[in-house]
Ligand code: DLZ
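Here's a solo chain for you in structure tokens, the form predicted alone.
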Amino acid sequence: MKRLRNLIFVLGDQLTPQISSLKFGDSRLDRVLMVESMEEATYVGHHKKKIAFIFSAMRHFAEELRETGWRVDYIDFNHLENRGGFIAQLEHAIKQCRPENLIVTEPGEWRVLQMLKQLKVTILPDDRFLCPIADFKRWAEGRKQLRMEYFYRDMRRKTGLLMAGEKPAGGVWNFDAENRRPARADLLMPRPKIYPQDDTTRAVLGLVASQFGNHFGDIEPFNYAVTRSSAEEAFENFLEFALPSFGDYQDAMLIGEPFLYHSVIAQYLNCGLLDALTVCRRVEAAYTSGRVPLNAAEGYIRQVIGWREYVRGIYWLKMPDYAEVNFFDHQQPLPDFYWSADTDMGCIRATVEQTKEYAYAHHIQRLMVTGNFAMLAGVNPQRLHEWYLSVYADAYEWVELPNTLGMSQYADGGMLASKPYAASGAYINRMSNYCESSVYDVKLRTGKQACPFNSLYWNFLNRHRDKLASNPRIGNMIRTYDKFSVSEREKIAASSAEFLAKIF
């Protein structure tokens, strides 16, 4: 029996034909291995839709590879030889195939990298990202502050996106100040493209319903793109119908409008069905052709080549210690309503209900609703991280963990964000219509009818004044609190304590 040259192991978030492991290989001489792993599906309680999306996309990708001449050993969930985890599966495959080499593109998560290092394996760089890990380390070296804005400017220069020679298009780097308009319910809202389920997806949905029925979330309706061509169609739909208004309304929130003008393609980018630079070039072309305004194009490109690349760099620069940061020493458990949506707070209820149905919420819902509340209430940041990793279809640890611990919870003490993203109910009321469905009054600071965000906000500032008073972006609010009367401060403390006692 002729010995196999290379066994190429492709992970579920590496669904890219040009990924480094496949480019290294030769379809005439090598074989691909893909595995639906119980271990990966359950290391946190992933949303049913997330599991179904990944399994279906993997199965379709395996067929895509076969059509181009690759031999693919696909070990589906019910396969008789499925060993349940990566290491056991790879050890079994090595015994069976006796390859000269085991090849894999570097995984996106620290946990998986440590697992693979147990084996004799060649790990190739993941060149789908625009900033290699080594380049980010060089960029960060010697800097007192690792601010995304300066990294983003360097990425614009490197890629040439939205550049006019050496200067940014429009004369400024960042149009964020123009991108904070609240949406109105009477606006014409586009919708992400809906894809019918084929036999492969229907089989996966049945599998997930039977094997993961106790996981969070609704499995139907399931309308995700699960092939490369469909993901590209979904992005083109966004370009034509939603991108022109994306900039203006990217921070807005409305009940019954889960998607607004967002692209809803992060899950496709993060599993490899779409290419980040190609997406940004298409957005740039839409601007240069006059189809979309500059604030929309810049705001979108900043999310992809700025924030997405930046948090990946932070993740690999600071792991594994970063996973345990807890600057405020918050220790409260995650409230049950993060799973049930059983709360009188209209904003939390709407966001969790949407998350349950779609495995999706946009960045402001995550940052300023569920994230903001958790920080104000003193929830342990690691418990919140596990929730975000579980419930969103686009969540992989490299992108989700820094967003949660650094951006949302300020648990790293300001390494990633310049201030805690703490806010009272007034911000949510300004950017949404959520307060209309709440039993609480967003205009009241204290008392049983007052919006809990309000007393929790002021109590948070007072509770952590020693750590926050010197912060130039939030110190003024602590000084405002100090101007309240003694009676008002006592009411704030009592209102926040009474509410917290009900939920913990």
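None of these values were measured; they are calculated from a predicted model. Numbering starts at 1 and runs along the sequence shown.
If you look for the form predicted together with the named molecule, you will not find it shown, but the lines that follow are about it.
Colleague: All three of 330, 414 and 465 touching the named molecule in the model of the complex at 4.5 Å, heavy atom to heavy atom?
Modeller: Result no, not one residue of the spot touches the named molecule.
Colleague: Hey, in the model of the complex, is residue 112 touching the named molecule, heavy atoms inside 4.5 Å?
Modeller: Judged by the heavy-atom cut-off of 4.5 Å, residue 112 is in contact with the named molecule in the model of the complex.
Colleague: Using 4.5 Å between non-hydrogen atoms, is residue 11 touching the named molecule in the model of the complex?
Modeller: Contact check for residue 11: yes, within 4.5 Å of the named molecule in the model of the complex.
Colleague: Tell me, yes or no, whether residue 438 is in contact with the named molecule in the model of the complex, where a contact means a heavy atom of each within 4.5 Å.
Modeller: No - in the model of the complex, heavy atoms of residue 438 and the named molecule never come within 4.5 Å of each other.
Colleague: Hey, in the model of the complex, is residue 55 touching the named molecule, heavy atoms inside 4.5 Å?
Modeller: It does: once the named molecule is placed as it appears in the model of the complex, residue 55 has a heavy atom within 4.5 Å of it.
Colleague: Pick the stretch from 34-42, 474-482, 454-462, 60-68 whose residues have a heavy atom within 4.5 Å of the named molecule in the model of the complex.
Modeller: After filtering at 4.5 Å, what remains is 34-42.
Colleague: Though the named molecule is not shown, can you say which of 247, 346, 258, 108 has a heavy atom within 4.5 Å of it in the model of the complex?
Modeller: Going through each option in turn, the one that passes is 108.
Colleague: What is the one choice in 427, 307, 421, 86 with a heavy atom within 4.5 Å of the named molecule in the model of the complex?
Modeller: Answer to the contact question: 86.
Colleague: For the stretch 376-412, which residues lie within 4.5 Å of the named molecule in the model of the complex by non-hydrogen atom distance?
Modeller: Residue within 4.5 Å: 396 only.
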